[in-house]
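This document opens with one chain alone, in structure tokens, the form predicted alone.
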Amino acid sequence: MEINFPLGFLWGAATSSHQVEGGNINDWSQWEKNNAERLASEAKNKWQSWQQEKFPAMFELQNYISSQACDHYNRWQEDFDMAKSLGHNAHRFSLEWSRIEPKKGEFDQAAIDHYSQMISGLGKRGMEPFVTINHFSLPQWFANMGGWESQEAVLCFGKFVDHLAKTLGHQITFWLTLNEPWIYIVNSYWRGVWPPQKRSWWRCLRVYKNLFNAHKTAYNIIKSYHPEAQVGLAENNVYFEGWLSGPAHWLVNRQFLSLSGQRLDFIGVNYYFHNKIKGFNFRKNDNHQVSDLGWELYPKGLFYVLRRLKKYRKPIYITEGGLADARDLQRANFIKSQLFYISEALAEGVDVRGYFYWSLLDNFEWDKGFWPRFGLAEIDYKTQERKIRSSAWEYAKICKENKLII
């Protein structure tokens, strides 16, 4: 069976600054140092026995310290050459706020020049840049003043975005203002497993409001300088199944998008999770196939997520879709399955225009550290050697031919 994708469909992979660059000094780098010992100790109770046996690095303190990560900040040309060789015609990455504005109101021209060179480098390779303004990590000065809880948060973010629009905006068509605001709120202020670990419903609501206003502010600023720019955001969309799926879908998948209204030129979809609801119990999934993280692999859920988003009548880009699979046993089939269900959504009139696999490189997976391996390229963190996985070449065939054969 041969499935052709629309002319001009974007194929690529995604990264985020703190997870791959290395050498960052921000709220996450400080939190890692304060919590690495605790995270290593808690691994024995957090992960199943098969995971502990397969990934003993989870018990090592250094697993939870990002340090040099993939050294992508210095090796970006090598990494972009690799992506180009894999047939990618687009790439998603994020700008590290703490590098560009290391002190409040003080902007580092060298960092701006660096990201400008990266954007130009993608263009020279025939790859469309998708630029994320904030992918979780925050400058320490911003975190110290209360982070996204602060009354000044939106104003400070707006000044940052204004500087980006003036200095880099002429090079960028596609902007993602925020990455997964709902996931950030849940992990930082509801579950309390990410910095700043302040569990409170009131804090959740305050941060939600500020993130929503931050998106609107960023949209307006970028458009004021570059009316032709395409501005969206990346939301984690969960496929809920069961009698409570309607309210759950509204709260997790629709609320932020609906409130954003006309301040969205496109929708970025990150899809990882299926959540089957039985009675009042969530996550009662069958789990016939799971990733190394124990997450159920359910590519069909992406079809249902996309079909529900059709009502917004916006272009849609899959800005993340991937799995932790260190032995590369499931990745190729997983990618093909996701793409099949994207084609099914296209056949129903959903305006999907691109797919970014997460991630180009193995990387630092936040509070889980380095042991989960999502990359199309395997990283040896001791030598920084890149090794392209066989699944990456399978994906490359699809990218280069703009079609899927199953």
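Fair warning: this is a prediction, and the values are worked out from it, not measured in the lab. The numbering used is simple: start at 1 and walk along the sequence shown.
Missing here is the form predicted in complex with beta-D-glucopyranose; even so, the following discussion is about that form.
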**Asked** W358: heavy atom within 4.5 Å of beta-D-glucopyranose in the predicted bound form?
**Response** yes
**Request:** May I ask you to state whether Y272 is within 4.5 Å of beta-D-glucopyranose in the predicted bound form, using heavy atom distances?
**Result:** yes
**Prompt:** Is there a heavy atom of D351 lying 4.5 Å or less from a heavy atom of beta-D-glucopyranose in the predicted bound form?
**Reply:** no
**Contact label in the predicted bound form: Y64 to beta-D-glucopyranose, heavy atom within 4.5 Å** = no
**Prompt:** All three of Q19, F136 and W295 touching beta-D-glucopyranose in the predicted bound form at 4.5 Å, heavy atom to heavy atom?
**Reply:** yes
**Item:** Single option in E180, E241, E101, D79 placed near beta-D-glucopyranose in the predicted bound form, where near means a heavy atom within 4.5 Å
**Value:** E180
**Prompt:** Which one, W31, F55, W366, Y341, lies within 4.5 Å of beta-D-glucopyranose in the predicted bound form by heavy atoms?
**Reply:** W366
**Message:** Quick check for you: of 261-269, 201-209, 128-136, 151-159, which stretch puts a non-hydrogen atom within 4.5 Å of beta-D-glucopyranose in the predicted bound form?
**Reply:** 128-136
